[in-house]
Ligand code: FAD
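Take a look at this single chain, the form predicted on its own, given in structure tokens.
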Amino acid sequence: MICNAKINEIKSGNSTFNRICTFDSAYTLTMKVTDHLKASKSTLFSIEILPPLKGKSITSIYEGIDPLMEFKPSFVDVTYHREEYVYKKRDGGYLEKVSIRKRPGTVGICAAIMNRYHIDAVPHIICGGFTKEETESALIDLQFLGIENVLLLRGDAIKTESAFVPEPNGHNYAIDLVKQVVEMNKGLYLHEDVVDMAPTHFCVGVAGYPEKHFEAPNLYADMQFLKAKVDAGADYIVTQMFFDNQKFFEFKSKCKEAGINVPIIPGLKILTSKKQILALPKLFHIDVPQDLFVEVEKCKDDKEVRELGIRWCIQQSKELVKAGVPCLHFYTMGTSETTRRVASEVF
């Protein structure tokens, strides 16, 4: 339970942090992702989790995070999943199009994580399914909860549609979300009749694609789109998963050439089954290195694939740490055991 809200500044080195709330008489400290990165002299550890399916307990979230707390995650990302549509047969034989949201609760999960673990949570905010007013209301709720980190994404198209279609009076692209959040950080809201507007204090993360976003015509254009998001006010970048570190190093170099100077956090996924060798490239538009593919083909079952995936990710992680990346961000997909094994060898 949140009680006795207070504001006290604590200065540590060059960073200024805000004590914002008291949880059961024990202060919790919130920090921006960029402050975490500035304050650390070594590579940080962070994770991304999925909300549970509708109707499931939040216990599954805790079970996925508890085994990883020994590695002191600096922040936890919580994904957002837009609505889907199903057709239900009604009396008379006609079909009704029904909207369902299979994984609700992102904001509530973030608040619960901060309350339980006293670590920062980063909700994903997407364009799809929201008007500008609904986005503003969600951001206000986050601010009231003391959540000041957001990862802004366009989001995917509805599964039944071939292309992304924004809501009426909604955003088309992630850069539009960035601009809206930056305006709120200046105390500028959508309606001019709002008076005495208090600025928000969001730290803005955006996505980067070492192997190019699948809708971009080429890597050069994709880099220009990313540069535009940073110029609009994005504070840091988290990359799409990749299995070839050279792709990340080349991406980082291209960012530097383009004048992108914000922190870049590599995102990592641990391969755990044979079917992923085909599914991940299809879903996320990434390449699987030939060496990894050949080794997976030699595996007799998914248990061997999982062991191979752990070894591969350990090798990736150690090389990235040696290269001085600010943080390793693991896409846990709701499970923790494989990530725990990798982290135990790296951190």
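In this text, residue numbers run from 1 along the sequence as written. What you see is a predicted model, and the numbers here were worked out from it, not measured in a lab.
Another form, the form predicted in complex with flavin-adenine dinucleotide, is not on view; read the next lines as being about it.
The closest non-hydrogen atom of Glu183 lies beyond 4.5 Å of flavin-adenine dinucleotide in the model of the complex. Heavy atoms of Val107 never reach within 4.5 Å of flavin-adenine dinucleotide in the model of the complex, leaving it off the interface. flavin-adenine dinucleotide in the model of the complex comes within 4.5 Å of no heavy atom belonging to Gly170.
Contact between Gly155 and flavin-adenine dinucleotide in the model of the complex is found at the 4.5 Å heavy atom cutoff. Heavy atoms within 4.5 Å of flavin-adenine dinucleotide in the model of the complex map, among the stretches 183 to 191, 67 to 75, 249 to 257, 203 to 211, onto 203 to 211 alone.
Three-residue candidate spot Glu48, Asp222 and Thr239; every residue lies within 4.5 angstroms of flavin-adenine dinucleotide in the model of the complex by at least one non-hydrogen atom. This chain is displayed alone, yet in the model of the complex one of Leu151, Ile270, Val230, Leu142 has a heavy atom within 4.5 Å of flavin-adenine dinucleotide; that residue is Leu151. The listed set Glu215, Glu133, Glu83, Glu161 contains one residue whose heavy atoms approach flavin-adenine dinucleotide in the model of the complex to within 4.5 Å, identified as Glu215.
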